[in-house]
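First, one chain by itself in structure tokens, the form predicted alone.
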Amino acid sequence: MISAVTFENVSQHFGSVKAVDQLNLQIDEGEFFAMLGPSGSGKTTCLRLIAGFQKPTAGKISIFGEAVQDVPPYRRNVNTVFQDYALFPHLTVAENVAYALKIKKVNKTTRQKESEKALEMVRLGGYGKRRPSELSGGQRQRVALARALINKPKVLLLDEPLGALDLKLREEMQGELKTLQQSLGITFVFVTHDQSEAFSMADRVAVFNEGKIAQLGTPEHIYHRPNDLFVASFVGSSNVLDRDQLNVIGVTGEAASLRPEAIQLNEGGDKNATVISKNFLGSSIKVVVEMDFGQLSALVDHARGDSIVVGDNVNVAWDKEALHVMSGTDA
């Protein structure tokens, strides 16, 4: 099976800065693939390399088996959706969506027909005569999607497309993007620094750090089995235990990750911890306890958290499999 996108020893250097460093990656056809990482980690540079906006310093990039590192952007069967939408304010919605077809000198009747089809695809049928200024942020984002999809790309690149939306609308668009990708069956490559976005939509996630992929896998595997300290701390909150702390609880290893929601705070048994703080987080309550080897953060539901008082002595426990001893300890 030919991969949708392949990186073979790809590097992108800007002077002494290694934005991407000898990267190897395969993205499957029809996959919703997320590139996740902090600013400067290399994820957006990878997206620009796929799009052709930048040329790699070294290595080979293939799209469906065709080497493209020397192919200009307009000849690649990809389209990009940007965070700022980049819509033309003086054009109608329909004209914005059909703009690429106009550049290709497609006749007006066909442009109008294809534009309406694309708008219906993103649930904006009938909005063609409006201007971008008359739309909400979520609607403008859908117009940008329709404009990208009208070219029928094999790969759709999305560069933090939800970053300008408020939380509620962002969550709604996450569901819509996933549904759209599944219905179209084309490859989506999504760049974000937001873990919840990546995990809610992606089939696989690549966590980037300093121009390299720190970990690649399903959202579930990355969350519960982080490779190293960087992944454990970047992907959600985690209690990280060092070698000395592990020795206290009888576990061998250099470091381990223990997610707060995996910790149980119980009455009865040995009172092996003291509650030192409690914070309301909406759907859960964060409780910090002091143990003989240091502090741990736990997330508990309101049924348990409401009865806990700072200064209480509690019994702390977790399932054995919840403590993940990491193979790497890079910070």
Partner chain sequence: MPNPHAIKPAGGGVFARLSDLFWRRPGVLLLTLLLPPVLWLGVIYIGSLVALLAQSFFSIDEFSGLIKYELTFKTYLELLRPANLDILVRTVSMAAMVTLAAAVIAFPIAYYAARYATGKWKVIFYLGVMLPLWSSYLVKVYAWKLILAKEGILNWIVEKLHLSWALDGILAMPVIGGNSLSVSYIGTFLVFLYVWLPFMILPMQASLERVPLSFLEASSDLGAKPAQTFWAVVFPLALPGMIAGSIFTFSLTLGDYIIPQIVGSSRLFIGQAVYSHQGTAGNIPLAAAFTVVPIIIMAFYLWFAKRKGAFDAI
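In this text, the rigid core denotes the largest set of C-alpha atoms whose superposition between the two forms falls within 1.5 Å. These numbers were taken from a predicted model, which means no experiment stands behind them. Positions refer to the first chain, counted from 1.
What comes next is about the form predicted together with the partner chain, which is not displayed.
The stretch among 178 to 186, 253 to 261, 206 to 214, 83 to 91 whose residues place heavy atoms within 4.5 Å of the partner chain in the predicted bound form is 83 to 91. Although the partner is absent from this view, G138 stays clear of the partner chain in the predicted bound form, with no non-hydrogen atom inside 4.5 angstroms. Residue contact with the partner chain in the predicted bound form: R130 places no heavy atom within 4.5 Å of it. Not displayed here, the partner chain is approached by V78 to within 4.5 Å at the level of heavy atoms in the predicted bound form. When the partner chain is considered in the predicted bound form, V288 lies well away from it, no heavy atom lying within 4.5 Å. Checked against the partner chain in the predicted bound form, the residues N151, Q245, S200, T218 give one hit for a heavy atom within 4.5 Å, which is N151.
Of all the residues from 46 to 70, those having a non-hydrogen atom no more than 4.5 Å from the partner chain in the predicted bound form are R48, A51, F53. Once you line up the core between the shown form and the other one, the Cα of T109 stays within less than 2 Å of where it was.
In the core-superposed comparison between the shown form and the other one, the C-alpha atom of R131 has shifted by at least 2 angstroms.
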